[in-house]
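Given next, in structure tokens, is a single chain: the form predicted alone.
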């Protein structure tokens, strides 16, 4: 093992995971409570202590106002989330998840971890990628590479199947994002041909659709209930998430409906939900996968019949509806040989080994593509009329990266000494329908007739981060811009302030995380149990809390294990231990 390990991290919308390349291939790094996945949830308990992952997931059921999740969807925007009265940016919350993963990896390797490869949805734009890098820096990590999630999945499969030549479509539908990529494997090379997707489509949308329909049976609208009775919605989300996963194996399940305070009373009603109902509720959402699939095949210049294999990635792809729909759209049975929850992290571990120059992957070559078209705003002449607002591409979508392209433009007016370069990302011929990434001014153009030349160069690196360079041809003066003005996200000063603020947060050491998780879980279960079992759990909790006060490690471990055994037997909302989490 290298003295300075580089780990791969799948920073997910609903769950995150880390992995490394071991002697037998890529392996998942267990977290503080022994799990393979870390829920992407951050909370602050009543003592002001920050909790992350499994502990925060338990806290969220009883205190949704003290927790934040799904913040990956807001990366690279000005959106903030309030947790227990304090405002956080999505980058800060993601940084807390990454810091917890970093601590877990350090405990696993028994040495500091400072370097990582972090995955993002292929359809993440420039702002979102920079925000992910900022989150890594907040967590104290050097982000060696930003890697597209479908590419990571393809790497994981390519690593296990090196030597095979094939064209593969990677269908990646996770908790919060959807990506689809076509990759080609040949002679130890993994070449991404095209990528498409949506950055706000996933299993969480299916869960919320179920919650919304159940709330309708009580005459409630989801948005109104979320404001007026947040504990009801939070508890119902937990119940529906579990039900959704169970319906991948069973034809029907019962969903308990809590009261407005999120409690399950003796008279709590149960609603029978069938797989057929769930499929009917989510079919309109699932229709959004069709356009990206058509686009990715068109960009790769392939028909569905030319694909050798279709690979499913992401926990929600366990749903029979997803499997059927993908089969119908692509004409072949999709495969899922590796755990769909873990495959992205496993691929990131292989990429991390490439970064770390591991001999185990020295023969593997990976290429990726730009998921969006990138260009600038220009004006066009129509007779005597000149119109602004047109998009001129410099880098077309699905161009192999890294790439650098230059185009020559010119001034429009006599004696024009400056131009403003407006940078956009998208597929429309009009900039108004594309995403504005930023703008900057180029000064110092010598006075003269219209038509003075200025060269604009776009450089798109392996992380999917764009640099724009403008050169005044007459003077050779160059202006370089890494899209800062008007671009949402964090400045360098903001990142440094976030790092300092995180150091001051009251957090539990890693070895106490398992204790926090068990306490929060037990508090949640206590409210769900009948009176005769509450007494037994109360005694166990008293003993565990006394053990924590004693600070005796052996005593704490003994009482925690007793408490865990009870919870394993009597937790009414426990996930099926045989289920792979989404």
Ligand code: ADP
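Because the structure is predicted, anything quoted here is derived from the model rather than measured. Positions refer to the first chain, counted from 1. Throughout, rigid core stands for the largest set of C-alpha atoms superposing within 1.5 Å between the two forms.
Missing here is the form predicted in complex with adenosine-5'-diphosphate (ADP); even so, the following discussion is about that form.
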- request: Please name which of the stretches 264 to 272, 239 to 247, 210 to 218, 428 to 436 has residues with heavy atoms lying within 4.5 Å of adenosine-5'-diphosphate (ADP) in the model of the complex.
  value: 239 to 247
task: Flag residue 121 as yes or no: does it have a non-hydrogen atom within 4.5 angstroms of any non-hydrogen atom of adenosine-5'-diphosphate (ADP) in the model of the complex?
output: no
- request: Evaluate residue 316 for contact with adenosine-5'-diphosphate (ADP) in the model of the complex, applying a 4.5 angstroms cut-off between non-hydrogen atoms, and reply yes or no.
  value: yes
message: Against adenosine-5'-diphosphate (ADP) in the model of the complex, would residue 341 count as a contact residue? Criterion: heavy atoms within 4.5 Å.
response: yes
Residue contact check: residue 176 to adenosine-5'-diphosphate (ADP) in the model of the complex, 4.5 Å heavy atom: yes
message: Exactly one residue in 375, 136, 158, 203 has a non-hydrogen atom within 4.5 Å of adenosine-5'-diphosphate (ADP) in the model of the complex; which is it?
response: 203
query: Can you name the residues of 5 to 20 that have a heavy atom within 4.5 Å of adenosine-5'-diphosphate (ADP) in the model of the complex?
result: 12, 13, 14, 15
- prompt: Has the Cα of residue 179 moved 2 Å or more between the shown form and the other one, judged after a core fit?
  reply: yes
message: Is the shift of residue 207 between the shown form and the other one large enough to count as movement, that is, does its C-alpha move by 2 Å or more after the core is superposed?
response: yes
Threshold 2 Å Cα movement between the shown form and the other one at residue 397, rigid core reference: yes
Outcome for the Cα pair residue 76, residue 397 in the model of the complex, compared with this form (closer or farther; change of 3 Å or more): closer
field: Outcome for the Cα pair residue 135, residue 397 in the model of the complex, compared with this form (closer or farther; change of 3 Å or more)
entry: closer
